[in-house]
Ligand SMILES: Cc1cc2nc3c(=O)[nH]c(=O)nc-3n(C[C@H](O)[C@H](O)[C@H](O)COP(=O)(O)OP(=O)(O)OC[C@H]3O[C@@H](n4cnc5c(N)ncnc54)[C@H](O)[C@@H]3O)c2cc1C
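Shown next as structure tokens: one chain only, the form predicted alone.
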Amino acid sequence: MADILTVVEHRQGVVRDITYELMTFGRKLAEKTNAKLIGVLLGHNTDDLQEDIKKHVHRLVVADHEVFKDFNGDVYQEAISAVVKKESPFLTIIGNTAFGIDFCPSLATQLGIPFTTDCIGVEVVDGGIRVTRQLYDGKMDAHLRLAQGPHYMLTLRSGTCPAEDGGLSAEIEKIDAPLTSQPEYRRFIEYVEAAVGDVDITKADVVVGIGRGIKEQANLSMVEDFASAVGGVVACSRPIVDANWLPKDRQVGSSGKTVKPKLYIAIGISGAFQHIAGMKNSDTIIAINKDPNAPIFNEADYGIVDDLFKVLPVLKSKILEVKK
């Protein structure tokens, strides 16, 4: 079978986490189909990135030019189109992120390649591609066959496959940039960094996530006291941000931040897939919810089915007792 191709997503000299997930997923799929994984790196002064990425792919195609210094979806589309035409991969996988969604659908349309987005599973079946996508707010999995073709393209949801060390040493092939200037109609202006709040939930070892189960803003103080007792920080699901109970930089999920703490405690969170995507790779997950059928329990290592307002005071008391 032809090879699998994935595109490196990076920002300001740092490879994004989704890239390592894609490469892990791509390697595992390549092993099952007796194929190789090809990485594509577009950028400027990318020597350090090359040394990192080559450990995770079998081959690394690099276009290093000033035109790729800052991301521009139209520039990436033209460059990756040229690589796909040359390499003729069986499958091209790109992250289901703002980066990937910017150019991937139009790229697939340009090339006439069967395409879908936001996949959480991919299988090779009878020489074609079958994907798994979620419907109805994550309540149902749909298994879909892409239209038959020699090539396929898709975007993969973040958190689908935990990143693993590749242990490889790829051959690096440097190619000329297929274009040397940004189009007049779309140019990179500046990079604006989001304001950093008083707490960076992505760097915490212990994260206490809260959902609509806490009922009202007045109950936040109880959760903050509990988080302090366990040495953690408070994060939340989207409804808490929508209610203006916590700032956006505390949100965990596909439209918030991705966290990978040693311990994630989900309190009053039902477990919609958007939230799960942002915390499923935590080392240990504990869920507290009075609904025994809450989807969060499918991800949890430990679960407590009870009223959180009864559980938290007892847990806090026991934790402080052990710390003495």
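The first residue of the shown sequence is 1; numbering continues from there. Note that the structure is a prediction, hence the values are computed from the model and not measured. Just so we're on the same page, rigid core means the largest C-alpha set that superposes within 1.5 Å between forms.
The following text describes the form predicted together with the named molecule, which does not appear among the structures shown.
Looking at A235, you'd find every heavy atom of it more than 4.5 angstroms from the named molecule in the predicted bound form. Taking the partner from elsewhere, M23 is found to have every heavy atom lying beyond 4.5 Å of the named molecule in the predicted bound form. Within 4.5 Å of any heavy atom of the named molecule in the predicted bound form lies no heavy atom of Q50. Shown alone here, E31 lies farther than 4.5 Å from the named molecule in the predicted bound form, counting heavy atoms only. Across the options 31-39, 268-276, 65-73, 52-60, residues that bring heavy atoms within 4.5 Å of the named molecule in the predicted bound form belong to 268-276. Contact annotation: of the candidates P89, G95, G211, G159, the single residue with a non-hydrogen atom within 4.5 angstroms of the named molecule in the predicted bound form is G211. Of the listed positions (P178, G128, P239, G166), a single one reaches within 4.5 angstroms of the named molecule by any non-hydrogen atom in the predicted bound form, namely P239.
The candidate spot formed by N289, A294 and D306 is fully in contact with the named molecule in the predicted bound form: every one of the three has a heavy atom within 4.5 Å. In sequence order, S237, R238, P239, Q251, V252, G253, S254, S255, G256 are the residues of 237-256 having a heavy atom within 4.5 Å of the named molecule in the predicted bound form; the partner itself is omitted from this view. Core-superposed comparison between the shown form and the other one: CA of V57 displaced by less than 2 Å. Residue displacement note: N45 has its CA displaced by under 2 Å between the shown form and the other one (rigid core superposed). For D291, a C-alpha deviation of 2 angstroms or more is recorded between the shown form and the other one after rigid-core alignment.
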